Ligand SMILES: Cc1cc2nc3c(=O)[nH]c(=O)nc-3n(C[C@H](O)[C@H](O)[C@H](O)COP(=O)(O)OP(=O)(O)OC[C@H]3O[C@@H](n4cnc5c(N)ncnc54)[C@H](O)[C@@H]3O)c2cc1C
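First comes one chain, alone, set out as structure tokens in the form predicted on its own.
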């Protein structure tokens, strides 16, 4: 193996849940690995977008008591987060979730990558071009200029299947009206401790404000949840994606820019209005915005196998499965809250290795929400618990070359 400064065994593009798992796993297998991330910290939707629960870690069960679905990196992340927050799994309806705090996620990710001598992290780096000769040739751009690196194998954990676009390879994305709507999450401080009664009362006040014309209609889906830290809550707002749903494009910078501004506008108006309405909210203020809105669905790879919604509903299993998908299909095609479809008998679904291998391209693996699945299956596999598992598998496979 070539061990020069700009040559690596494995390159991982994207440092979200899947990319973090892929890079750490590859390095632990002895592969000299580079992890490329455009932001200044790792964690993706769980940090930059403030998504504050790990979903998909546990089997769906009628019995109380969460049971981990995938061992290895997903289980390690669960243990580390429980130790950091002091919070264990929580039952929400028929599923178990693990509360997580984005600040702790950043710290845990830093500790994980810093512990691996075979792993180099490159923040503030955008991949601008990719080609495959004997090895992968990767062009990286940053504020200091451009550089080129090589890698024997490659993992696309970008979330948007960006490598497919750079290569001109086959990918898919459903029409805009069917895309899962993006989330906008922000932090709020300064209020009294929030309980379930106050959450319901706050939801009623928001409806009252909308009916009176004091708040925009997009505020209807806004909900608040304690963060696990004293005096702090998170507000979560599902956005329609634009003035017309058919105009939503999660890959278009202009569209995303409008979304970011709109999310901040709605959040600000709601918190200001609530502060005038209630003693509970009187001293409340928005303490932090996300780095970016939480895109749930965009472009996906077409791999050697396309996992389908029918596979999820039937709980199908495969000889080459590398992980289990255990989250119900969670459809957020509107901003009016989720619609859940559970598999028959609450069975887990196997995710084949073939979903991580783009058709006809060697030494390339995919992880996270852009693996080879259809729109319905993506509504299940996109959650962070499952992304940890597919990232772990992609990193393990990439390290074999």
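Residue numbers count along the first chain shown, from 1. Note that this is a predicted model, so its numbers are computed, not measured.
The same protein has a further form, the form predicted in complex with this ligand, not shown here; the description that follows concerns it.
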**Option from 350-358, 44-52, 65-73, 23-31 whose residues, in the model of the complex, bring a heavy atom within 4.5 Å of this ligand** = 44-52
**Item:** Close approach of residue 126 to this ligand in the model of the complex, 4.5 Å, heavy atom
**Value:** yes
**Prompt:** Are any of the heavy atoms in residue 18 no more than 4.5 Å from a heavy atom of this ligand in the model of the complex?
**Reply:** yes
**Prompt:** Do residue 13 and this ligand share at least one heavy atom pair within 4.5 Å in the model of the complex?
**Reply:** yes
**Message:** Given that this ligand is not shown alongside this chain, does residue 188 nevertheless sit within 4.5 Å of it in the model of the complex, heavy atom to heavy atom?
**Reply:** no
**Request:** State yes only if every one of 121, 154 and 400 has a non-hydrogen atom within 4.5 Å of this ligand in the model of the complex; otherwise state no.
**Result:** no
**Contacts with this ligand in the model of the complex, stretch 303-321 (heavy atom within 4.5 Å)** = none
